[in-house]
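The form predicted on its own is given below as one chain in structure tokens.
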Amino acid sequence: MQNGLHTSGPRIGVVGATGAVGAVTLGLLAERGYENVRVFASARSAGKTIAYGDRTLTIEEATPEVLAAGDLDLALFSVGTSASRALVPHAAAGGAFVVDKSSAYRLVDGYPLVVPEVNGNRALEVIGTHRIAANPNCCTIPLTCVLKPLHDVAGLKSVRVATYQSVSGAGWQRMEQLRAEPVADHNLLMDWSWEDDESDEESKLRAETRKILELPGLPVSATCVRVPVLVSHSEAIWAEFEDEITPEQAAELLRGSASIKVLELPEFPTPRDATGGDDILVGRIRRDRAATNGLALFLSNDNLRKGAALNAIQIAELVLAAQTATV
């Protein structure tokens, strides 16, 4: 599927095509050979054109009526939470399988929150029902990819994580602002809304990790900040386990896990090296000297690709493969 040309393949709609994640989604779909693609955005972008591979597509306004028309097999949403709540049900009612990248459905019971390498089977459970799957937060995706193989062997006891998130997570405008202003003018920011003494980014990182790993009582403590980096998020992780696991065992497990590339010193993960790639770069795997059976490690990952657009496409491809197998 990745290298083939889909001349008569699935009818795909990209909603929010003009945003940072939408642009990456279009690039990935073109790379993977999908031809039957339509693009949707707000009324102010309707009628304009956007590049898709070696051709251009005309942007359509994303309205409930258009999305519910029944001429889409897949709909990939990269819009805000309120817009998703208003539009996603119409696309699903029209027969499309929807992958939504906002927080609208992530923590709603009955809607799977999917990382294909971790719990891909959950996406298949809603094919015959409401046909909506949620794409996790851009930090939850790499975090759960790394934690799952370690948990399967040693049993997670607790997780502490500090995230260093690039400005691309806040959209094109923040990226242009960083390009225009000296890096020295940018402080570490916590630019999310607040829930008591936590930001919503921190609380949803905990809740999403628990849901994906199916560990509802897992203690997770997070500190999230925005840093003056254009693309790619990094995370420092401290994980404690029920059973002993050595750094060498952890590195070997992660080397054998999909979408992960383990780096050995003197190499270590950086946003620059992660940007433009699909692997989660993991390194500095060592014992956590403050915990029993603890490990500390560091990761960097392109938040626009595997952290958002690619993960959603992989969910859609799981569904396409399952539907094809039943025909």
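Residues carry their position along the shown sequence, with the first being 1. Remember, predicted model here, so these are calculated numbers, not experimental data.
The protein also exists as the form predicted together with a small molecule; that form is not presented, and the subsequent description refers to it.
Shown alone, this chain has one stretch from 111 to 119, 236 to 244, 74 to 82, 249 to 257 that lies within 4.5 Å of the small molecule in the model of the complex by heavy atoms: 74 to 82. Proximity to the small molecule in the model of the complex, defined as a heavy atom within 4.5 Å, singles out one entry of 95, 228, 171, 219, which is 171. Looking at the small molecule in the model of the complex, residues 62, 101 and 138 each place a heavy atom within 4.5 Å of it. For residue 19, a non-hydrogen atom is located within 4.5 Å of the small molecule in the model of the complex, even though that partner is not displayed.
The small molecule in the model of the complex comes within 4.5 Å of a heavy atom belonging to residue 87.
At a distance threshold of 4.5 angstroms between non-hydrogen atoms, residue 44 is in contact with the small molecule in the model of the complex. Heavy atoms of residue 12 never reach within 4.5 Å of the small molecule in the model of the complex, leaving it off the interface.
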